[in-house]
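Subsequent text provides structure tokens for two forms of one protein chain, presented individually as structure 1 and structure 2.
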Structure 1
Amino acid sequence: MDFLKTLTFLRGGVHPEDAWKKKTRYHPIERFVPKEVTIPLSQHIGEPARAIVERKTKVVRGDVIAEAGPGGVPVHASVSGTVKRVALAPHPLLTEATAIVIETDFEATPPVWEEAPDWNNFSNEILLESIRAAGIVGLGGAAFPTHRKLKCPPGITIDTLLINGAECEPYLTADHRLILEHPVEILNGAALVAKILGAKKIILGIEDNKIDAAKVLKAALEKHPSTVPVEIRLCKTRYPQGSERQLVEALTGKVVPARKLPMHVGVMVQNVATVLACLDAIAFHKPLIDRVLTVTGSGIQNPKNLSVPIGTLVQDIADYCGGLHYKTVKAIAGGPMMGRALGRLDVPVIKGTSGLIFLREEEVSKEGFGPCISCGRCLEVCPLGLEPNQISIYTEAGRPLETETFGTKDCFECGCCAFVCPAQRPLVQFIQMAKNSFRRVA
């Protein structure tokens, strides 16, 4: 099967080691259900959802257990069982937040989600409401409520929908496995989202380290032709290919102006897992209650791709995967480039958790950073043409407010600069410090 030329974004980027993804790319998605889940009421930006269950309430998998806050989405029970408590619990991003703890009843009859016969003919209002009611947020990591992203402001039309199957973060293979195992569903979900947007074209972008996934999609497309024209394109394996801005550049050649969104150039990007969740929500009325994620790194005994109920604790997942190596010193929620380091393992997987990565001490630099030697590597890899070297030098010298001219505000913190810095300077952290000082002044 042939593909057109491999595409890539215009400048910068880094090539991560292929070996990192090899740990899990051939591991089919496994199902794991823990004895207990801790479902936080804050799963995305904005106000937390409001709990509508209390201690001892019996819930069935898929029940709404918390109603959406303003602009947010509801939260659903991810397992059938009994609510143990509604209380503050550790949170992967917020340190602590209110969560609903449910004890799993393994004996309960699982709910059946039947396919609605006429889902292809629903009106846009019904489609958007189904997506909202199912609690869907962007599953690429940012976790912005999907029904809000799909509602473009007046005056903006989307002609092309890009489906993000790049999965450029090192180590992660969950999206790769999703494509291999659910190609038809992803294509159907993409067609539904394209219908909501009125997009005339769908382009699926996949990095060329996943040619098998692209081939599976192509075969599925030939069997089930889509109502909207679909192109499947290979992108170069280059981080941050899966960042929205870079994917738009690669797949359409359009440059999204700094600090603007892809919709300003008539394009929208949705992640493969998100469109799959949209299809589940619309055709089967199944809410977003499971998360497919990659559990990997040198610090875990048996790396796996897992499907777990949202709210599964990292500790339970680590135990299920054979436990941690004794030299493990870092646990990361999300990808290793933009993910968050976890301070404890009793935090739950939330909707936006795309991976859990455990690193041993030899992979984690504990030495301090050195002075900038002006090697220029950060300038070469920055996809926006910013000057991380200067931002870090000024911020280190206590003059963060003078860094705006070097592009501090445009930075989306992909981390390429710090990835290549020979002096191991924490460039992203310096940029964050500079951004914070602008906020304090404003």
Structure 2
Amino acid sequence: MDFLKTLTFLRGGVHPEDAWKKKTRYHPIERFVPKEVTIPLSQHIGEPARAIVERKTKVVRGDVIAEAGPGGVPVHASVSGTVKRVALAPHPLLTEATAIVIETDFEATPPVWEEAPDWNNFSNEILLESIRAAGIVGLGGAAFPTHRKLKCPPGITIDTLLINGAECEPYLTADHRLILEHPVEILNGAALVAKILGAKKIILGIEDNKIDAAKVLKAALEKHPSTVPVEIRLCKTRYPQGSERQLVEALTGKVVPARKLPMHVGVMVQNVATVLACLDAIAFHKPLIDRVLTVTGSGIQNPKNLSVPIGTLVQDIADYCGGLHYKTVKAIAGGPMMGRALGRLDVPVIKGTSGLIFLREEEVSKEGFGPCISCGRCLEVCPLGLEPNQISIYTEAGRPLETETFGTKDCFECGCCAFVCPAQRPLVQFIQMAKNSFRRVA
């Protein structure tokens, strides 16, 4: 592997300043289990799961507590204990959603995830069913059911499985730590996913600010050769390098057409955490019940990388990390570019939560936004060549349905435009408003 050669996409993108360094990159993953968890039934794209437990039900960590809806995945108990209630509860994305609250029994015997014999030779049907039954969704942020993504429609052939280890969002280091601490498992999970797809090769893409992770993977590959040819490629530290379209372009040279998916150019993209979860599901029958995430920012006393049961409340995590600084005014679920600001801390970690960022008041702008000054900076950084300025102007004027020609429906809301806007216009929010207008008239 040539560590001097880095690849990247051609259009747009930004590189946040040094103040956004990933300070938790050297913090090993710690384990934290709270006194109770609040597990939402809606954690992925599609219909929510349906609860099959009720108050006072005793559950064991890993038990199915909610059956999958059409096209969805089941939900599992992330701790052993007693169900306290099944009711509406705060949700990090949906304001409120039905959730199952479980009080943790710390005296319960932990389940043993025994390795299944001959798991390397399972049929594709068993592999896909194992992934579905384990409740696995994309852990890079989209939270789309993984078993559905791996079922390509007729006529689609996957040549390359691209494993996304870029982790281009500022602050976040959870995927970086997973690679450093579980390289062999990630390679094994990638080989299983490649088998399902019939892919002829695997490419692992890692940004060049994580050369240590690339070296660890290379060493693991030398000791444990993969059943599918594997290439480890460095890509430039540049946001949004980890976006599917941009990563495919950087590492394969293929361009995904507008409103198409990587599969349409013979590529499938999976996050490192997702393929690791697939290995756990297939080889050990372990469901997706934990989430590795980064807890960081100047607003938290002790930044960490944590493994927590799904359903752990943000407040409990903050307390475990030493509490908030007295000047903390903002909490973000996910990265600072594409994450969501939280209005409260009694919301749970869900499968798609990659990080929690806490910011002090001096880091948060209190000024309102101004009118577009037609500087063109948003046009320069948009990785898709869209016109965020025009979308915002038309939406602000009450004409959102006239914005399709400017690329509203193609935007994946990376936030580059808002990041560089000197007028501090909330361009992503305007785009979201325009999209909602199209949905209402569909």
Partner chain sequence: MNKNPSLILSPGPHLQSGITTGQIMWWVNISLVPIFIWAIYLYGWRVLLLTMSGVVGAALGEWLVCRLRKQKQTLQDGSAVLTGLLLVGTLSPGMPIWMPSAGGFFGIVFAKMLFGGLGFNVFNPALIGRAFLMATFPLAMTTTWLKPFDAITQATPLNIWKMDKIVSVDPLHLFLGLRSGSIGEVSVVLILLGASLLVWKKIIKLTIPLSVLAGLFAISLFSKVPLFHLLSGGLFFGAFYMATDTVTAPLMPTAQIIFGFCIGVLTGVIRLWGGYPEGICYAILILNAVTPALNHWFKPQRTSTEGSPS
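Please read these numbers as outputs of a predicted model, since none were measured by experiment. When a residue number appears, read it as a position in the sequence of structure 1, where counting begins at 1. Whichever C-alpha set is largest while still superposing within 1.5 Å between the two forms counts as the rigid core.
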item	value
Label of the structure corresponding to the form predicted alone	2
Exceeds or equals 2 Å, Cα of residue 42 between the two structures, core fit	no
Large Cα move at residue 62 between the two structures, threshold 2 Å, rigid core	no
Rigid core fit then residue 415 CA moved by 2 Å or more between the two structures	no
